[in-house]
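To begin, one chain is listed below as structure tokens, in the form predicted on its own.
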Amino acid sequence: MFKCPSFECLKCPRLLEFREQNKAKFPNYHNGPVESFGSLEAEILVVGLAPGLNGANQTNRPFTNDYAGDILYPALKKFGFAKGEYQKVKNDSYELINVRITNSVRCVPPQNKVTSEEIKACRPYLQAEISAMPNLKVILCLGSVAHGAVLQALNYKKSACKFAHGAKHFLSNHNLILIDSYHTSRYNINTGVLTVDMFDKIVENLTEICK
């Protein structure tokens, strides 16, 4: 059975150092590898970049108490992939339906930027998670970093599938569909790179695939 990385994971010195700094600064935060959210039986896996400092790093649930989650979670509920109320805490009544959410890197990085070495160090967890999902049909990648991490986890070259918002790639070796979206970050929303309507269309498309 798949297990998320624990506090004993010591693979990434830079992230470990940042974790120790955050323990001193935010002693009530989770400050460790963030657990995935949702059932392994789901048909859809959403993959993000990494936990936000005051979001998932605090709550131990991906995108929770993070601006990106303010876009992601309402969209999932709008199209029937969740129920309950998203209240920005782990123990709210919000429940995913046929969706699981994780990140390419499980620990919060400084300045929200991960290195290629950190993505590689976390890759075995992503590979194991995908392998542990028997009903998986679709992987939704939020951003180019997640896109690249998923391709590498599935032993594809990045050049095999070009990232583009709304792009749909069939990964024949695994019988999976990979769908790309711009990340639901505050920066992308504020600059107009991504709008709520644009992201809603991405999620709505999932309903056609996983009826």
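Numbers follow the displayed sequence, beginning with 1. Everything quoted here is computed from the prediction, not taken from an experiment.
Heads up, the form predicted together with a small molecule isn't pictured, but that's what we're talking about next.
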| query | finding |
| --- | --- |
| Stretch in contact in the predicted complex with the small molecule, which is absent here, among 25-33, 174-182, 55-63, 152-160 (heavy atoms within 4.5 Å) | 55-63 |
| Val145: touches the small molecule in the predicted complex, heavy atom cutoff 4.5 angstroms | no |
| Ala50 within 4.5 Å of the small molecule in the predicted complex, heavy atoms | yes |
